[in-house]
Each structure stands twice: as C-alpha cells, then as structure tokens.
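The chain below stands alone, shown as structure tokens; this is the form predicted alone.
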C-alpha cells in the first residue's frame, strides 16, 4: 500500500489546483485498476486561502471527498488569516487541526511522517525562504520542534535565501527570532541525546556574504554566523537525502510504498515552477537536482506551470551578464546517469508555447504520467520512496 504526505505553505492558484486534483483522481479514481494511494495533504499559511477561493474550492471539494484522501488545515493559521469560520462552515471534508481539535497541526504532520517512515530516527526540513520576509522559517521551527517532541533528531538544510537563517545578531521587534529558535532547538536536542544536524549550503552562503576569505589564514571561514548551523558543501547536504528519513519543505511531499525506503535510496522529483531568470528558484532547483543525480540519487526534474518557460525559445545570455544559461545546463546534463527531464504538457498548452528543438530529449508528460511519477515510485523496479520538492 502506498501513502503520500504533502505540505503546502505558499499560495495555491487555480492552475496548480487543477493538475493536482487531476493526478489525485488519476491515482485514486474509480477508473484506475491500481491500488488506491492514501494521501494526506497538510495546508498552512497562504495555502489556506485556496480552501475558500472560488477558483480552487471546487477542486478541494472533489479531492477531499475521496475516501483515501485527507486534507488537514492548520487551525492556528486559519484563525490568523480570518478563515476559521468560513472553512469550518463551508469545507465539511477538511480536518481542522489545532490545540482544540485533537492535536496540534505540526505534531499531526510529524506523526504522519513517522508512521510512513517506520524506524526513522530523524526528520528534516529543507528551508529555501529567508526569515522575516517569509513566514516559512516560523513553520520550519514548529515542524522541527514537533520532530524533537516525537523523539526524533531534527535536521535543517538551508538553501537559497534560507541561508539568511545563519545571520548572527538577529533582533526582530515584531517577529519570532528565527536565529534564536534554531539555537534553542540545537541545544534542546543535544540535552535529549539527539544531536541536531543543521547545515547551510556553502555556495548560497558565500554568495550572501556568510562565508568569506580570511586574509590572515588564506582560508574561507564563516562570517557573522550563529553557532547552531554549519556551512557545508551542497553534496554533503544531499548525502543526507540518501538516508531513510522524511524531508519536508515549504511545498512538496513524499510517497512511500510499504514502510520507509529500506535499503534503497529514495528517488527525488524536483518541480521547477518559476520562470528561469528573474529569481533564483529555477536555477537553484536545477542545481540541486543535478548535484543529487551526480551524487547517486535517481532524480527527475519536472518543468511545470511557469517553469515551462525555461524550455521555450532559444536563450542567449548577454556577454556582460554573469548568469547561467538554463537551457545549456539542461542540454549538457541529459546524459547524467540517473537524471531525467520531463515537461508538463498541460502547462505548455495553457500558455500556447512549445519547447525548443534543441531540448527534444525532455520527455513530455500528461497528468496521468505525472501521477505515476509522484504516486507510483515502487513500480517498474524503481525505488519504493519518492521525495518531491517544489522550486
């Protein structure tokens, strides 16, 4: 029996809701002969607005009515967003999880992951969002606090703007102090005999000034960093992805066949959802995927939603611009063992675009094929567990 757990913190717009609904129906609908997948979808933050939005509410109603699907909403965040009463009265299939509703949201999420990954000794959060500009680091603290309370070792991998969590001397006047929270988690885990493993990507940290050359020693050293997080090469962080433990992020999830991944390394699916250049999301997701594959992790990159623009036209980087050409990154890595590329056909059709002829090796996938990628990793001799990360 397969089971999937998802966490969404960011806004869920109608396009994502449509394809997400369709792949769930493809896996668990009456027309499929495969065994249904138990799916738990945890919603917090801005994702909660999709429960009441007229553009996405019908899809949630259809998904949550499936017996094998459970949608869980964060009661505390519903109250913060002013959504508690509308969701309680208008979303009968949605489970409200909070202190007054049979357990805290984050404890329920950790319990679900612990149940799927039998025997796991740790659970991790991949943080790509910066403190204070985003509320995701607050969710990270709540999740890892739940991990510690469940008797597991908390792990934190900071990447992209998530490395700003490193900054020493954080003193927000209106927000929860993220640096202090990370340090407290590390200390409490150590006191309980469960050492925390908190790391920051060295490339991202160097780009943001947290890893600098010391003229006296000639070596790069951490600068203005809290003690709780160690700056490490990305390959060391990705080595943790080979382990038999759950890894969650601000958007994404995981599918497990049976209980845990066992002796085989979990597969990784990276969903590129942003256009290629104006933010670091596309480059960061692609870099992580390529590095994971080179480290021996079977990896599938799916270009979907606005991420399909990375494959459209012919990209030419001006001579005075220091930026990687995304299309060249794809073209030179199509022969990397264990790495495959796919593009979501409905996303292309919705935008009325095609992919460049130079990228013909990128496989086109429908919603049915996407459902097999996300929910059937145990088929056809592949690994029995799949991690899914949205960039």
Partner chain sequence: MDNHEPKDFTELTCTNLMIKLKILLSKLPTGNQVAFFATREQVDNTCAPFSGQGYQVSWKQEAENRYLVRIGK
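Residue numbers count along the first chain shown, from 1. Bear in mind the structure is a predicted one, so any value in this text is a computation, not a measurement.
Not on display, but discussed next: the form predicted in complex with the partner chain.
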Could you spot which one of 66, 329, 348, 52 gets a heavy atom to within 4.5 Å of the partner chain in the model of the complex? 329
So the partner chain isn't shown here. In the model of the complex, which residue out of 134, 120, 177, 206 has a non-hydrogen atom within 4.5 Å of it? 206
For a quick test of understanding: in the model of the complex, does each of 287, 324 and 335 have a heavy atom within 4.5 Å of the partner chain? yes
Counting only non-hydrogen atoms and a 4.5 angstroms cut-off, does residue 218 reach the partner chain in the model of the complex? yes
Taking any heavy atom pair closer than or equal to 4.5 Å as contact, tell me whether residue 277 reaches the partner chain in the model of the complex. no
Is residue 291 one of the residues lying within 4.5 Å of the partner chain in the model of the complex, judged by heavy atom distances? yes
Taking the partner chain as it sits in the model of the complex, is residue 197 near enough to touch it, meaning that at least one heavy atom pair lies within 4.5 angstroms? no
Can you pick the stretch from 122-130, 296-304, 279-287, 135-143 whose heavy atoms fall within 4.5 Å of the partner chain in the model of the complex? 279-287
